[in-house]
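Form predicted alone, single chain, as structure tokens, below.
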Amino acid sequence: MARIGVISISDGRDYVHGGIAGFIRTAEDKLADRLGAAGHTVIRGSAPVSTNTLATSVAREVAAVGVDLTVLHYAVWAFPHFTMLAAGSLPGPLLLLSNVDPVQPGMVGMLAAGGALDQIGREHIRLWGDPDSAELIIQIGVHAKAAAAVASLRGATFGRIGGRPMGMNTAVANTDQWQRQFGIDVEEIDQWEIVRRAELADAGEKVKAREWLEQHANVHYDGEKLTPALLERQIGSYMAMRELIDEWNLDFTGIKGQPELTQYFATMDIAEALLNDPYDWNGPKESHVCATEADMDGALTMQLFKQIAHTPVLFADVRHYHSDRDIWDLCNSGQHATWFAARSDDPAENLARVHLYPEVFFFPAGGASVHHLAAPGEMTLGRLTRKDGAYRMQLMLGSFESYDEDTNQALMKQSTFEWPHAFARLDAPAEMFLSRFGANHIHAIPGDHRATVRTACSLLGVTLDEFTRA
């Protein structure tokens, strides 16, 4: 959850403030309790703001602790210039919240303060209601989670392993634009580092990982394109990436892979799947966003989605449209984290549904492809794409579906069976999607997170391009 600052703004007349300070504190207590019960960390101002000096000092105290969102709380009429002074010391997003009490005119105070902020161009959000309203607490939480996700991008480092893959311009972003708009640095690393480090990786750990995969997943060796040695080479590539992530302090990454590694070394399917998983053979870990084909905009979307949903994020090609069923086969070599097979906290449950097949002819170097069908459920799907140089979030709701075993197998065999699949029903007509969507890659997280994504886009200065059948 998020870290939320709460600062109550009061009347600047001593004799008035003295009579309402208790009312303000009681209202703030309730707000803080409800936000805390929702799982947020609440940082409260040391006192209601009733003077110009308190406006600045209390705001600086809250800002110094570090919060994702600051709620300026109006339980009573409040002098508007206190809000202006506080805002000057609060660098992050602001949410103005008023009560709905007919006696104490907090709403009047919020409107006066919000109008003053409008005059100087300070962006803010306004909400109103009783903290006992579950809907109000959810709304505040949406804005706070979005602010936390956006804040996590600023100061992050993306590790790009290799360059543009196979002429895909949509996979390459402007590093200056990333620094200016998102505060993200890009570290360029050669793919040779994967080859070099994979060969030097601990042989015992490679064997341990291979045996773990053989025990929990379904490994289909063929003696040519997939052998124990090739699988260990892929595991070594994952270990190499973990080293690079730790040494360079990389927050999220992308591996070019094609055509050099897939043609002469091994596919990165195992490395990319395990990086995006919340576990490996050594136990639970935090999932790391790694995009195949060094897809920068894909990785950026995934990193934002991960910070919003706190789950692994799916990466896929929009591979095929089954018009008779109105579903899409989202399929891309290796990129689906194995977690999506069952979305279980138990890796054994997920891996029981995973098959490691010999790679297909596209990738002559061989190795295992990570095959499974994503578990059904409601999903938020989207991608940050660019139109005329400006970022837009192309966003939609959808669901993953699964059918009887024969139908699942038949549908997967219509594309590349050996790769991972997700059968997606989108809240968008096929004509709309194919006419407007700005890339061949798409990303997904479980649940409906559209409200949080919309707020994050507003904070990032990203245009929202939402798809719907409505």
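Everything numeric here is computed off the predicted structure, so don't read it as measured data. Each residue number is its position in the shown sequence, starting from 1.
Same protein, other form: the form predicted together with a small molecule, not shown, and the subject of what follows.
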Practice task
Report the stretch among 380 to 388, 306 to 314, 357 to 365, 67 to 75 that approaches the small molecule in the predicted bound form to within 4.5 Å, counting heavy atoms only.
Solution key: 357 to 365
Fill in the blank from the handout: Residue within 4.5 Å of the small molecule in the predicted bound form by heavy atom, from Val103, Ala134, Met166, Ile120, is Met166
Practice task
Tell me, out of Thr83, Asn99, Thr253, Asn332, which residue has a non-hydrogen atom within 4.5 angstroms of the small molecule in the predicted bound form.
Solution key: Asn332
Handout entry: Asn440, heavy atom within 4.5 angstroms of the small molecule in the predicted bound form
Key = yes
Exercise for the section: Consider Gln258 of the chain shown here, and say whether it contacts the small molecule in the predicted bound form, taking contact as heavy atoms within 4.5 Å. Expected result: yes
